[in-house]
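The chain that follows stands alone, in the form predicted alone, written as structure tokens.
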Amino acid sequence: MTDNTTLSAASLRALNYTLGPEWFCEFREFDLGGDFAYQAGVIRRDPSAVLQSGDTYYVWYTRGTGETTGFGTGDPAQKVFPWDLTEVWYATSKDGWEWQEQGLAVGRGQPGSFDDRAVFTPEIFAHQGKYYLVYQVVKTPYVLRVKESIAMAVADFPQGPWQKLPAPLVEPADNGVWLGEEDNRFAVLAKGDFDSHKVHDPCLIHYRGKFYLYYKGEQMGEERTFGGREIRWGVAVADTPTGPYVKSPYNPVTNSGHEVCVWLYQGGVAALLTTDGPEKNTIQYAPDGINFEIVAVLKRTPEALGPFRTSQPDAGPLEGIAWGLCHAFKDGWQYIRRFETFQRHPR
């Protein structure tokens, strides 16, 4: 019998780790053929979820060209991030391995509009015969203190045409205060809410009769913690897919994570949190879609997962991320790959 008075802190913590291996998994990544083969000079990144319509798979993604020069060049037309000066394209496949680029889905807006600089990081949502693309937008000029919003376009078919909504769906909280006039995103008088600077990486699901739009928030004056960047997720809820969306009073609903990846499972919402925060590289589950708890700690994860949206997510806890697409970096360029999830049982 163990004497709890002589246990180390690690041993005492371990007494609370009673969950089984059902959610624990590892990932394999594969290069793809067709237009998703690596191509220097072209940026393809942030794939959406993969949808199947008939015998065809569809995916939407960020596409652009040109090298990134960063900030401080003095030329506002220069590309400051890989996702700057990009648009949303789509591609199709018959087998999930060979992909054919079909062209532009949603482009940048007219000069002076809320999306005239970049349209990127899309996610797809299908509901009652209509298709909804949610994505990030930036308005010119792209500076360090620029605010980023989430917008939507709607179509009757996965091929489009897409009709943009006239205004963003979700915008940053308007309660932070910059310090001084220098373009410095870390200098603040007040940081504001967790999403006072940017809202992005949207992911829309139909849940409990409402529409839950999960998103990543960045805060003005963002700091680093022992988990890395100070990134958290929020959720906004609406009665119809096109809104209006109201941010949950429980936001932020995570204390970690980067690109948003959520899926439905047995009446709740599962989430894969990667890259940033004290609970990065975990799978979490919320029976109510709000209160997430860790159910698995992972070794590593692919970047920017866009899972295949299965029609049977309750078949198993990992069915919602059994396979899909992700992005990777090679020689300074991003390209799209395939991931598959597997469980390695101890021998």
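Note that residue numbering begins at 1 and tracks the sequence as displayed. The structure presented is a predicted model; accordingly, all values stated were derived computationally and were not measured.
One more form of this protein exists, namely the form predicted in complex with a small molecule; it is left out here, but the text below deals with it.
When you look in the predicted complex, the only residue of 230, 193, 115, 201 with a non-hydrogen atom within 4.5 Å of the small molecule is 201. Proximity to the small molecule in the predicted complex, taken as a non-hydrogen atom within 4.5 angstroms, holds for one residue of 214, 245, 120, 99, which is 120. Though the partner is left out of this view, residue 256 does not reach within 4.5 Å of the small molecule in the predicted complex, counting heavy atoms only. Using a 4.5 angstroms threshold between heavy atoms, residue 280 stays clear of the small molecule in the predicted complex. Within this chain, residue 309 is remote from the site of the small molecule in the predicted complex, having no heavy atom within 4.5 Å. Under a 4.5 angstroms non-hydrogen atom cutoff, the small molecule in the predicted complex lacks residue 132 among its neighbouring residues. Heavy atoms within 4.5 Å of the small molecule in the predicted complex are found in one stretch of 153-161, 175-183, 120-128, 203-211, which is 120-128. If you check the small molecule in the predicted complex, you find no heavy atom from any of 48, 87 and 108 within 4.5 Å.
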